[in-house]
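This document opens with one chain alone, in structure tokens, the form predicted alone.
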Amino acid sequence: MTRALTRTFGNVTVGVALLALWGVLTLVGVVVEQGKGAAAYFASYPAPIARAIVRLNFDDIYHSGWYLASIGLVLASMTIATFTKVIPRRLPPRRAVTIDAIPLHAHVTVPGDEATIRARVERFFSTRGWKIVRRDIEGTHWSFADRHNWARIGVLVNHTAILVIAAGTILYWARGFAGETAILTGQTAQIPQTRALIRLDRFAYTVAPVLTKGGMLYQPIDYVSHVTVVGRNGVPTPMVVRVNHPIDVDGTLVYQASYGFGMRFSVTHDGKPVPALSSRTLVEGDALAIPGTTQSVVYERFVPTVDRRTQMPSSDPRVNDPAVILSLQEDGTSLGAVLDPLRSSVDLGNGWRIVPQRAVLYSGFQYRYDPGVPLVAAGSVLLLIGLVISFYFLPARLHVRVDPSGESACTVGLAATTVKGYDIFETQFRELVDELRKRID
């Protein structure tokens, strides 16, 4: 049973098939948006496909048994193939060979007795960095000269590195998480997985002029969020989050990802304020449903500066002549959009009016906890070491035999083998044989 399993999982075809299965499941995770509720899938896909997504756990595939099992099978196949096929081929036993049957071979006739010539040949290779091992095989004396023999483990280092990287990836899928959130100035958000609280005390961004072929442009060059964090210790701690400078909250890294403008609107009906709608602060994409109708107003985008000449949104990110873009929807269908300056009202019909009152900066954060990072980093270093060993060092073995060929001469037979074929070592072998002839003649 064990032998059959070893033979099956060590088969190259089986290994490739398992890799293909892993790739297909990974592709499913890319195509199918992860972490949504069942209703979202039934709204986006035909009912049979939506049911399959939910029942097969494709909505959270990276944590599913399917996915983890496929990775486990790939690792098992790789491990078995490494120890049953790759390593034995990379570390062949020292055995007798037929010199002339190996493509890289040569014969050198040298005057002298067998023991003296053997010693001179071994000394020749030893002084050039070859390690000499002697063997008596079926009554015949063989000398084996190895160079860079240790480099034969390069493939083992590479395979080990892949296993370590895969282990780090699995650890992230098993215990890690990632997400994003937008926090309005003065408000607090919670990281659901750790229950850590982040309050945005103040947000600032820096705009700098950039001279281009088309003229002077203004671009944001720095985002800075001043936050107060409450982690596991329960102590409020002031921190600063900048682009490319995340903060560490109980091992979870929080990154500065974006920023935007929330908007407070004044909504009236027949001239009377509607507190339930006027008390909300909307971020881009949020909607206000108009009571008693099937209409809704969507806050599409904040425009910091309106071009005074064209009365259209400009690319200037500085807040000079701000406006908002609002769209009116009926049963989810857009009826059009309007550019509305701050404190200018828009008539929605049936006595409803909306006025953008005040912009509030918000900061967009991304957070990520990845316990597999140390393993992935270690695996990457191992992989680099293995690649250097594999590409820059050539393990080679010389099979050397000295045979008497007359009363006062012997023939030195040499055959060379490498782990990368014969062509790559042919020139070095010919040069080595030519030098041997000169040194021991």
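As the structure is a prediction and not an experimental result, all values here were calculated from the model. Residue numbers run from 1 along the displayed sequence.
Note that the form predicted in complex with a small molecule isn't included here; everything after this is about it.
Query raised in the report: Is there a heavy atom of T252 lying 4.5 Å or less from a heavy atom of the small molecule in the predicted bound form?
Result: Heavy-atom contact with the small molecule at 4.5 Å: absent for T252.
Query raised in the report: Is there a heavy atom of L21 no more than 4.5 Å from a heavy atom of the small molecule in the predicted bound form?
Result: Close contact is absent here: in the predicted bound form, L21 is far from the small molecule, nothing within 4.5 Å, heavy atoms only.
Query raised in the report: Counting only non-hydrogen atoms and a 4.5 angstroms cut-off, does L387 reach the small molecule in the predicted bound form?
Result: Result yes; L387 sits at the interface with the small molecule in the predicted bound form.
**Report entry** the small molecule contact in the predicted bound form: A415, any heavy atom under 4.5 Å
**Finding:** Contact check for A415: no, nothing within 4.5 Å of the small molecule in the predicted bound form.
Query raised in the report: Of the options V74, V297, A323, I191, which one has a non-hydrogen atom that comes within 4.5 Å of the small molecule in the predicted bound form?
Result: The residue from V74, V297, A323, I191 that makes the contact is V74.
Report task. Could you check which residue among A81, A166, L348, M239 gets a heavy atom within 4.5 Å of the small molecule in the predicted bound form? Result -> Contact residue from the list: A81.
Report task. Among 387-395, 36-44, 403-411, 369-377, mark the stretch whose residues have heavy atoms within 4.5 Å of the small molecule in the predicted bound form. Result -> Comparing against the small molecule in the predicted bound form, the contact stretch is 387-395.
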